[in-house]
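Take a look at this single chain, the form predicted on its own, given in structure tokens.
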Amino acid sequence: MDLKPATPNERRQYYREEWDVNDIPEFIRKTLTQREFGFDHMGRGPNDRYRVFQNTDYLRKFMRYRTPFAAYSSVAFYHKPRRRDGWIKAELVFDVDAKDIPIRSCGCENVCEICLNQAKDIVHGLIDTIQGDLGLSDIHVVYSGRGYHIRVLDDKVMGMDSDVRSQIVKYLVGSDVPRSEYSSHGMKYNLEHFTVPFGYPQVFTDRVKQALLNLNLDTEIDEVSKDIKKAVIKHRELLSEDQWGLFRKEIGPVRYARLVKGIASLNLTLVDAKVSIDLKRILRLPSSLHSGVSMKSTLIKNLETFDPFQDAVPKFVYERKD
């Protein structure tokens, strides 16, 4: 499928014939009056900001008649959203863009089915950690048009500041190599991250495995030579069976340490950290059109079965004649 931009006529057709204001998720509709809305009418970025809608009917009429290139709503709740004043709290958001995945197996220049599936696998891993390690449960996943937004609305995280959110991001993506030296009763001993089956070492192991299984010779990793990458590709089937000890032995302990350090550095870009720590961010409105690629931003009910090329394609794409 050709992910080409939507024309003004196609945008008009989408918002007047297909889009329904009730497709906006309930977690946004029920807090409509506390959120700032922003719009991009020309495809040059959101320059129509600070809009507020008192009910969904006003928003429906606006979308129907202005047919924006892109629509956004704030992750923050305000007492006075028109002035972004009186900040109350903000969703905790993780933005996984298929185009920006640091280690991609597809090699495409934009996005394709392969890297979108890879992005979905990353989202699965992040949600497992958010639920299992952080104990959060009010989680919504939205297909953004070129990737996925994980939106967390548990009250215990919505009041957190940017510093805490930054620490959560680092934990989730595995951006630091866990220490391997421990001591007990005067004795010192070493434990590699893959021998600890819980907590941060387990998170780090999962993220490193995900990266190594998608690595190719063109992947650029600081201080990791092509010879190391060739060895990884030759022996990574061992990781499918979680034989980490054998894999490390085949790579060599020194080269393995260099490899995981490089991947930890790349992991920081698994999600867009700027989105996660920004307490006043506006985010693409679920149900709106991503006009740059002609796909619908879609709230996902079942991540396992969701297929963007089946579930997020507007009708006008199928009616194109060229």
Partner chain sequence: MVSISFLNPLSPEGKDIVRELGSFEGISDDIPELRRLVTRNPSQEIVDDKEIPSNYLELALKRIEWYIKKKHDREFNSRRYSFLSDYSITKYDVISFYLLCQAIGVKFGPNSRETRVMVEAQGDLIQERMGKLSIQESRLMVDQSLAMLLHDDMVHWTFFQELLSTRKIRLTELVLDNGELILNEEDFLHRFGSRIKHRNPDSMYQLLIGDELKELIMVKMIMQETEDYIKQVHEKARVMVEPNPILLELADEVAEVLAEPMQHYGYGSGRSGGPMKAGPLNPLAFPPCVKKALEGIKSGGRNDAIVLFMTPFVSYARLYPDVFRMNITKRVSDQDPQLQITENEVLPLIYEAAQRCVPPLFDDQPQEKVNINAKLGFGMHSTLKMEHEGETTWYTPMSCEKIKLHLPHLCRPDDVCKKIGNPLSYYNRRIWEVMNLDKEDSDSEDNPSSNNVDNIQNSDIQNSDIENSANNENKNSDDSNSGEG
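Residue numbers count along the first chain shown, from 1. This one's a predicted model, so the numbers in the text were calculated from it and none came from an experiment.
Just so it is clear, the following notes concern the form predicted together with the partner chain, a form of the same protein that is not shown.
Heavy atoms within 4.5 Å of the partner chain in the model of the complex are found in exactly one of 272-280, 60-68, 26-34, 252-260, that being 272-280.
With the partner omitted from this view, the residue of 105, 117, 225, 166 that lies near the partner chain in the model of the complex is 166 [heavy atom within 4.5 Å].
Among residues of the shown chain, residue 245 is not one whose heavy atoms approach the partner chain to within 4.5 Å in the model of the complex. In the model of the complex, no heavy atom of residue 79 sits within 4.5 Å of the partner chain.
Under a 4.5 angstroms non-hydrogen atom cutoff, the partner chain in the model of the complex lacks residue 216 among its neighbouring residues.
When the partner chain is considered in the model of the complex, residue 191 lines it closely, a heavy atom lying within 4.5 Å. Taking a 4.5 Å heavy atom cutoff to the partner chain in the model of the complex, the contacting residues in 153-184 are 156, 157, 159, 160, 161, 163, 164, 166, 167, 168, 170, 171, 176, 179, 182, 183, 184.
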